[in-house]
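In the form predicted alone, a lone chain appears below as structure tokens.
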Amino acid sequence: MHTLIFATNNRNKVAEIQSLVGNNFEIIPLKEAGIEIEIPEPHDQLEANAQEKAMTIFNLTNQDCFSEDTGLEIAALGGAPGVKSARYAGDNSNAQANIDLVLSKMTGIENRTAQFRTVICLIWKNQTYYFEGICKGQILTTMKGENGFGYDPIFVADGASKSFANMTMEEKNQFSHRKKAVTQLFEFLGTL
């Protein structure tokens, strides 16, 4: 089994990705790798933030690693919250504050088209690779569901009948932007 450091301490993301990769790889979050730093996300593009995180970890450990950056992109808000999804309501905001801000900005707006977009940056044997997954859907007018994290309670994927927060992990993985990007990542690793 090959170990990959995942440049996050978000246990939800680690569990979601580990559920996708099975037993061929062990996904190690930063804390388990002994890395106790906050990695900045200073860029205005998901790709650049993903690369910043992966390069930071690689420079510290010289080990194969990957990172991801994900944004909720809402058409009526000009693509916002986008790269600032985790901090939309402010640097110290939480998921509820971010959701509340989105819902307030979307009041009265009929076009509720949105997409989740994930970009993964892999550093493997000193080479850098990128993978992208997109899940198109709609923003709900109210929160629905208790599962998931982030904006899951207000997002319904195209082709789905319930929000991500009303889905099991297995159901969510049928639509998930992160799953699409991770699938590309591990299909690529399987060719090496």
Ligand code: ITT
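Don't overthink the numbering: it's just position in the shown sequence, from 1. None of these values were measured; they are calculated from a predicted model.
The protein also exists as the form predicted together with ligand ITT; that form is not presented, and the subsequent description refers to it.
- Across the proposed site, 41, 53 and 172 without exception bring a heavy atom within 4.5 Å of ligand ITT in the model of the complex.
- Interface residue among 150, 29, 137, 133, judged by heavy atoms within 4.5 Å of ligand ITT in the model of the complex: 150.
- Taking a 4.5 Å heavy atom cutoff to ligand ITT in the model of the complex, the contact residue among 122, 80, 106, 86 is 86.
- Taking non-hydrogen atoms only, residue 184 never approaches ligand ITT to within 4.5 angstroms in the model of the complex.
- Under a 4.5 angstroms non-hydrogen atom cutoff, ligand ITT in the model of the complex lacks residue 166 among its neighbouring residues.
- Interface residue remark: residue 19 is not counted as part of the site for ligand ITT in the model of the complex, having no heavy atom within 4.5 Å.
- In the model of the complex, residue 178 approaches ligand ITT with a heavy atom inside 4.5 Å.
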